[in-house]
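To begin, one chain is listed below as structure tokens, in the form predicted on its own.
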């Protein structure tokens, strides 16, 4: 655990070293938050609810999504793929620390930094302008646990499509498809409650909803009691499944890895 803690601290420090990049991200997320909020609010000019969401739910969703966008790292991550491509993965595999464990610990250190320094301020700005929902203490605690599970699910998914670099010379196509699916089915583009019923059911059954939509719904109090335990258990299940698939991909890739030179 001490080793994981030290790696997690390095994940925090790496991004803390670039405060102006964080500031630029805060500005960008805030602008996109206003754009998305006003676009979605236009829907409520002629109706009071869309699925289980009212206007305040939707605005809260928008600003939480902007707060979590880097916390759960919805967009492309290709550090593992680049290390496979340039051969540095051979050094990683020769170390006593497993690469998947390393990146998981690193990500669990990175995520709190992005939540605090890139997520809180855009949400605060949105809360000043719009009416948003706030969770009860129990919902806030469940939300924290859900976000932690979302980070693990996200890392598991990102690790899996990065591992394709063991078999492909260029994973940009795979990564583009993966990011598109993640953006659409996680609820980043719009809340899943806006989807048709059949598509909403499919989206909630897939791992992508566990990355963003589930934490947002937990904050909004859409799940209670056994239902809340169920969605958290589903997140945990997808975390285990994706990490397990990533483990298999890493083993398969390591078997076919050829390193030239002394």
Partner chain sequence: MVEPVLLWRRLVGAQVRSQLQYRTSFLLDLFGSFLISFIDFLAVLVIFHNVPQLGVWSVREVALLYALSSISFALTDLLIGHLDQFPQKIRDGNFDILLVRPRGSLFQVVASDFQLRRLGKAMQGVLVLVYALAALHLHWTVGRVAMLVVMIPAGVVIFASVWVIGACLAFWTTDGGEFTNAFTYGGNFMAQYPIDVYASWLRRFLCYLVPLGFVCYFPALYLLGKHDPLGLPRFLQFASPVVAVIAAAVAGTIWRGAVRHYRSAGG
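Positions refer to the first chain, counted from 1. What you see is a predicted model; the values in this text were computed from it and never measured.
Below, we refer to the form predicted in complex with the partner chain, which is not included among the displayed structures.
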| property | result |
| --- | --- |
| Which of 150 to 158, 179 to 187, 134 to 142, 81 to 89 lines the interface with the partner chain in the model of the complex (heavy atom within 4.5 Å) | 179 to 187 |
| In the model of the complex, the residue from 43, 205, 229, 56 that sits within 4.5 Å of the partner chain by heavy atoms | 43 |
| Residue 224: touches the partner chain in the model of the complex, heavy atom cutoff 4.5 angstroms | no |
| Close approach of residue 11 to the partner chain in the model of the complex, 4.5 Å, heavy atom | no |
| Residue contact check: residue 236 to the partner chain in the model of the complex, 4.5 Å heavy atom | no |
| Residue contact check: residue 101 to the partner chain in the model of the complex, 4.5 Å heavy atom | no |
| Contacts with the partner chain in the model of the complex, stretch 115 to 133 (heavy atom within 4.5 Å) | 118 |
